[in-house]
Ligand SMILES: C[S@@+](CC[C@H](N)C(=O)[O-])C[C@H]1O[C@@H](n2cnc3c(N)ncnc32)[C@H](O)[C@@H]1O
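So this first bit is one chain, no partners, the form predicted alone, shown in structure tokens.
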């Protein structure tokens, strides 16, 4: 009788990648087998699948194709085009690993520029009673990264319209708070823009929804459209200017004298939004480019 050879997890993963490569690259442009192995190791570690063994040893274990096998589940979700970050439940951003779910946007590397600008400005302009607002906090990645990267005493309010998003942000705060000084203080508020926020701030950071639902939709990757929360991505075209006018107006009146807003936005609309901000009353306005030399951020000084 012929004994069936045992297929190892690593072999099964490589075979799946080669067989489904064209299909996978449709969902995950630039995907490599190395990236898949990295994410499966992360999934195994986070969810205790590795049983405390060396992370690479998981690939030498026999692969058994049953429905509850984590690797089988990994294959199924990849075939459906679920973002890798939602499969593992985590995304590395700035200097830490953040919990992410389909209730929050997946933090992008370009947003790290916003954190860098914020930390630099805090270090230069810090006062004893320094207040920061992270508006539309999502996973909390911006606010928590700022807290981890400065020793200056900060009070940060992290707000979001979504209570589900705030739940994820609170989870990240609980798991990462040991990485920043105890004198920092962080609070969470559910709010649509600044409607429920009465404090005055030295700095407001925000990565708001900035994609026009119709005009910009063709430029949005289908995986983002199908998987990430539309509430955090899209605004109706006819309400776009009014929405941002109200946002800038609220930010202007919630800033202390000489306070600053740092906002991420759409490259096609930021120059126009800069004009809106100027009409609201901001005295100094700067457009900032991302790593690909595209306009990505607005810096507004009161």
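This structure is a prediction, so every number in the text was calculated from the model and none was measured. Positions refer to the first chain, counted from 1.
What follows is about the form predicted in complex with the named molecule, which we do not show.
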property: Listed residue that, although the named molecule is not shown, lies within 4.5 Å of it in the model of the complex (heavy atoms), from 179, 73, 224, 231; result: 231
property: Selected contact from 192, 199, 116, 151, since only one has a non-hydrogen atom within 4.5 angstroms of the named molecule in the model of the complex; result: 192
property: Segment assignment from 213-221, 129-137, 169-177, 81-89: heavy atom within 4.5 Å of the named molecule in the model of the complex; result: 129-137
property: Heavy atom of residue 146 within 4.5 Å of the named molecule in the model of the complex; result: no
property: 4.5 Å heavy atom contact, residue 243 to the named molecule in the model of the complex; result: yes
property: Contact flag, residue 162 vs the named molecule in the model of the complex, heavy atom cut 4.5 Å; result: yes
property: Residue contact check: residue 156 to the named molecule in the model of the complex, 4.5 Å heavy atom; result: no
property: Within 89-113, the residues that have a heavy atom no more than 4.5 Å from the named molecule in the model of the complex; result: 105, 107, 111
